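The chain below stands alone, shown as structure tokens; this is the form predicted on its own.
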Amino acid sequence: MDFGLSVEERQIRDTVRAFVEKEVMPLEPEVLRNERAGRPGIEPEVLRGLRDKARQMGFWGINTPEEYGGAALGPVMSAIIAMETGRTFVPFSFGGSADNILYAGNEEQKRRYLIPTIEGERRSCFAITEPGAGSDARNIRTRAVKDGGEWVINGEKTFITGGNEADFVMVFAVTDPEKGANGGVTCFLVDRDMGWKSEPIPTMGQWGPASLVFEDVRVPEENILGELGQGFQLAMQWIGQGRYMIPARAVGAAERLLQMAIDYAKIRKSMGRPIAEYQAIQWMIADSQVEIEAAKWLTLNAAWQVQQGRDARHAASIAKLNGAIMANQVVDRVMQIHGGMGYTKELPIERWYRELRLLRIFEGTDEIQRRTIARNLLRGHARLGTIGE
């Protein structure tokens, strides 16, 4: 086994790290000031400027096929890059990408939706979660009824990432109630000007999801993404393919936070000695390092399985569960090490604390990941004692 990176891969990682440290991290104080004043943390034009600067350096479409102008670096490097961008709470990501299921569109749909999204001319959102169907995605109630050459959609979606900013949505609706999820759910590409509306949902962190409302929204037949009745399979493909990216960002955040704690422990004195000399502090630092390393390799293993074309859903669930819990434990220890200062808004730790709490909820709660892992083992879909199989 070779756990090392090639010279080229190390260069990519180091270049991304330098870009984040030089161009992105300096924006953190401004983001904090804006957020605490009730304003958006960073303006869209600033993010566009960062993405354009990154594009000039060759960082565009990290995991986008070369035929669409992307770098096609693959899942493993995508995870490593996510670890680097996860080191800052500035909501930055490299441009030139699109939701993986948009590649399932026909040539006309790719022209109208996929390519403009890759180029940053359009913004999409993925809408399956409903007020009564969160983790139980099979229980969605949004309906689409055929009317001539159109489908009429009625229903509500909730906690939709990017729903306030998107100009089109990939929405999942029941088209054949008798068939259930397998064969009765269809994905539609629906432009905002077709009539759906969005409302922001306030949260304890800076994640700004939306609720989407569809009232007699008429969608032409040609806007079905994929095949009629096969939407649930597309949804699971979307959810499963990128789940390892969540713990990847968690690893980056946890490493940044742990370094803050190490630096602080060396200069903060208590009873005449730096607190770094006390075993209680040392154990918190050591436990955090162990947990970060475990999460890192579970995440890279899941990404590697995706890259090999394997069914990585089990590995991704393990990585997501472990990474989300790890990040919350680490940020809690970092706040403890900083004491009262960590609890204030003078430092960004409380901001990280609120943001990282989301990881245990969205894209599959801890409980859903445990259910998936246990079910796979009990049903024989996954086996113990395997390596690279």
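The model shown is predicted, which means the values in this text are computed figures rather than measured ones. We number the residues from 1 along the sequence you see.
Keep in mind that the form predicted in complex with a small molecule is missing from the display, and what follows is about it.
Task: Proximity to the small molecule in the predicted bound form, single hit among 361, 341, 57, 46 (heavy atom within 4.5 Å) - done: In short, 361.
Open item on the list: Considering non-hydrogen atoms and a 4.5 Å limit, which listed residue (142, 129, 85, 223) is close to the small molecule in the predicted bound form?
Closed with: Among 142, 129, 85, 223, a heavy atom within 4.5 Å of the small molecule in the predicted bound form occurs only for 129.
Open item on the list: Is residue 307 near the small molecule? Define near as a heavy atom within 4.5 Å, in the predicted bound form.
Closed with: Looking in the predicted bound form, residue contacts with the small molecule do not include residue 307, since no heavy atom lies within 4.5 Å.
Open item on the list: Can you work out whether residue 367 and the small molecule are in contact in the predicted bound form, taking contact to mean some heavy atom pair no more than 4.5 Å apart?
Closed with: It does: once the small molecule is placed as it appears in the predicted bound form, residue 367 has a heavy atom within 4.5 Å of it.
Task: in the predicted bound form, residue 258 touching the small molecule (heavy atom, 4.5 Å) - done: No, residue 258 is distant from the partner.
- [ ] Indicate whether the small molecule has at least one heavy atom within 4.5 Å of a heavy atom of residue 105 in the predicted bound form.
- [x] Contact with the small molecule, no.
TODO: Given the small molecule in the predicted bound form, answer whether the residues 89, 297 and 351 all have a heavy atom inside 4.5 Å of it.
DONE: Per the other structure, none of 89, 297 and 351 touch the small molecule.
Task: Which of 65 to 73, 328 to 336, 353 to 361, 26 to 34 sits within 4.5 Å of the small molecule in the predicted bound form, heavy atom basis - done: Looking at the partner contacts, the answer comes out as 353 to 361.
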